[in-house]
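So this first bit is one chain, no partners, the form predicted on its own, shown in structure tokens.
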């Protein structure tokens, strides 16, 4: 038994070290292949205009697009996901819950290109008709499509978080005279809040890294809308820009290195969120905050 524990610990530590080394290698690769862009363009990388023939590589429109679709997607998916998870965890019978979770997990496994094609065929047309637009390929369409894509993941993880709260918590709360909705609001959700936040971070990573589905529905305009809250305008995210234009950039050119710099910024943003979440979730002794 002791030997098995040591083998298991060694395996986990080895995997963690390999993962950390891979992250360092990726960061070094991106930094080495974007150095020319940072040295020659400098703060111009954070400009408003992207025009490679004129040597303009402003990334702010893409950064804005990534943040906009992220806010829209999480703003739709997270409240709806938590409400649905409360229903599946606290109100459905055990048998029905199993079937519901199986269906949701199947939805989570659908390839993103399928969601993208459905977004082009139906969602973009719906947005175009509802808001009377010339084209339904907008930032709003991208955010709505991403919310649909991450919703099964959010529901499943939040459902698991609430379902794993011991039944004794609920029984004690009911014994104090709390109604069922009060048990959920005052006992179950606070007890599961850390796992729910973990689901939020996982969904956030999915949103930031999604490429193909967003690329099909968001449009291809390298410009921040006027006014900036006009999400009914077409736009770009960092990932959609990389997916569209990477093959057009000559290897080793300033254009190519600017694209790599964009990828480095995206990776840095994701790593920053990861570090912040770990700092929030764990104390220095490695135990979860209560």
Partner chain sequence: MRVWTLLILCSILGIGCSKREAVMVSGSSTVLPIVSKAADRFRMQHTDMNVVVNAGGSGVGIKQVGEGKIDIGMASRALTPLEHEKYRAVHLNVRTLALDAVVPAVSSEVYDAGVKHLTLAQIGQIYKGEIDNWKEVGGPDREILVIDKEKARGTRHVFMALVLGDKEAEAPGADLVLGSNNEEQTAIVQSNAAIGMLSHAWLNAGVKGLAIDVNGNVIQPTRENIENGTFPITRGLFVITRGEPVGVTKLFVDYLLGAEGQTIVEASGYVSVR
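Residue numbers count along the first chain shown, from 1. Just so we're clear, the structure is a prediction, and the values are computed from it rather than from any experiment.
The protein also exists as the form predicted in complex with its partner chain; that form is not presented, and the subsequent description refers to it.
Review point. Which of 159 to 167, 191 to 199, 129 to 137, 67 to 75 has heavy atoms within 4.5 Å of its partner chain in the model of the complex?
Key: Answer to the contact question: 129 to 137.
Point to revise | Residue contact check: residue 221 to its partner chain in the model of the complex, 4.5 Å heavy atom | key: Residue 221 belongs to the contact set for its partner chain.
Practice item. Classify residue 125 as contacting or not contacting its partner chain in the model of the complex by the rule of any non-hydrogen atom within 4.5 angstroms, answering yes or no. Key: Close contact exists here: in the model of the complex, residue 125 approaches its partner chain to within 4.5 Å, heavy atoms only.
Check your understanding: Does residue 216 reach its partner chain in the model of the complex if we count a contact as any heavy atom within 4.5 Å?
Key -> Yes - in the model of the complex, heavy atoms of residue 216 and its partner chain come within 4.5 Å of each other.
Review point. Do residue 120 and its partner chain share at least one heavy atom pair within 4.5 Å in the model of the complex?
Key: Contact check for residue 120: yes, within 4.5 Å of its partner chain in the model of the complex.
Point to revise | Contacts with its partner chain in the model of the complex - residues in 244 to 271 whose heavy atoms fall within 4.5 Å | key: Sequence-ordered list: 244, 247, 248, 249, 250, 251.
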